[in-house]
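Heads up, the chain below is alone and in the form predicted alone; it's given as structure tokens.
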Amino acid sequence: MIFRKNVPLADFNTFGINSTAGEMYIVENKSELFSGEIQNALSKPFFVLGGGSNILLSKDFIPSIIKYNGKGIQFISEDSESRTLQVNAGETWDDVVLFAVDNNLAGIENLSLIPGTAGAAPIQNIGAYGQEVGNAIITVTYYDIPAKCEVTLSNEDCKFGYRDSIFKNQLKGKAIITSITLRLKKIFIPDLRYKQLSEIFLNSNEAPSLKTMRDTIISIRESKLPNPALLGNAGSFFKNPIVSEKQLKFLKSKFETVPSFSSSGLIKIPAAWLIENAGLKAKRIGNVGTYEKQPLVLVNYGGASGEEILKFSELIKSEVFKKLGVSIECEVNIV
């Protein structure tokens, strides 16, 4: 375990917000979670930090941060159709996807280049281009803070939903995820439900390979999303809202073409379309703005505080509701 005091956090969050942690505990393996130092830290206000890619540090000072850094990927079982991986929570998520593709295992390739750690993936139930990590997860193991023991949840018990899980609700602030298990398929069937993917491969004489799919996803993401190393951001800041038939009908009465899609029987409208049609694409106030290529992404042009970004996000939500009558919610975790 590594312990540090008064730690600048600009390098620990992709927004580049320069908050400070009074104390930071970097935990290297799950046995350290039972140590006296960590038990003492858990008895006081704290925040569990993953890769820092899906958070907004809205305060200048955070008393205590615990960062779980345990690494490791291993095969634990297989059958004729699949192989099961156990992945420690500190692994970088995209390294997990690369490992799967290199071993010709399918099921998470469309989640390529999503930043963050493997431990954070089930909390948000990360998803992109037709796939969600919850569809591949078998179990999630976590340290139960109140009970001071390790617990393993089944996929069903994780209560996965759209960018949602039990870890964002009943277990928020009560769990430190230590590992996940993934069941990945030996036979690759391309998931081309996402329009841009289907258009890319529509005229191809052959179905894409697993590696080609990953490379294509990476190319799409890099063309649409800013590199956090160059322009601070946390990826998609807002979730695509679920709307009623009545709301969709109202929008179609005002706009000739309103993009919408159905997922698990729910109607969703791209939040990016709503933001753009509310006149907020490339909107900028001071050091904060919506990204010119993707209005779903809020960016820190340099020197913005977490409070500035939070206020800007509230303005976006307010304007979208006022002009289009649809409420949008934050996808990032506000700390």
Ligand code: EPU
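All figures in this text were calculated on a predicted structure; none of them were measured in a lab. Position 1 is the first residue in the sequence shown; the rest follow in order.
One more form of this protein, predicted together with the ligand, exists but is not displayed; see below.
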Legend entry - Contact flag, residue 298 vs the ligand in the model of the complex, heavy atom cut 4.5 Å: no
Legend entry - Interface membership of residue 186, the ligand in the model of the complex, 4.5 Å heavy atom rule: no
Inset, instruction - Considering only heavy atoms, tell me if residue 240 and the ligand come within 4.5 Å of each other in the model of the complex. - result: yes
Legend entry - residue 182, heavy atom within 4.5 angstroms of the ligand in the model of the complex: no
Legend entry - Site test, 129, 225 and 276 vs the ligand in the model of the complex, non-hydrogen atom cutoff 4.5 Å: yes
Inset, instruction - Would you mind picking the one in 272, 288, 66, 310 that has a heavy atom within 4.5 Å of the ligand in the model of the complex? - result: 272
Legend entry - Sole residue of 201, 99, 162, 250 within 4.5 Å of the ligand in the model of the complex, by heavy atom: 162
Inset, instruction - Using a 4.5 Å heavy atom cut-off, indicate which stretch of 24-32, 37-45, 289-297, 66-74 touches the ligand in the model of the complex. - result: 289-297
Inset, instruction - Counting only non-hydrogen atoms and a 4.5 Å cut-off, give the residues of 320-335 close to the ligand in the model of the complex. - result: 331
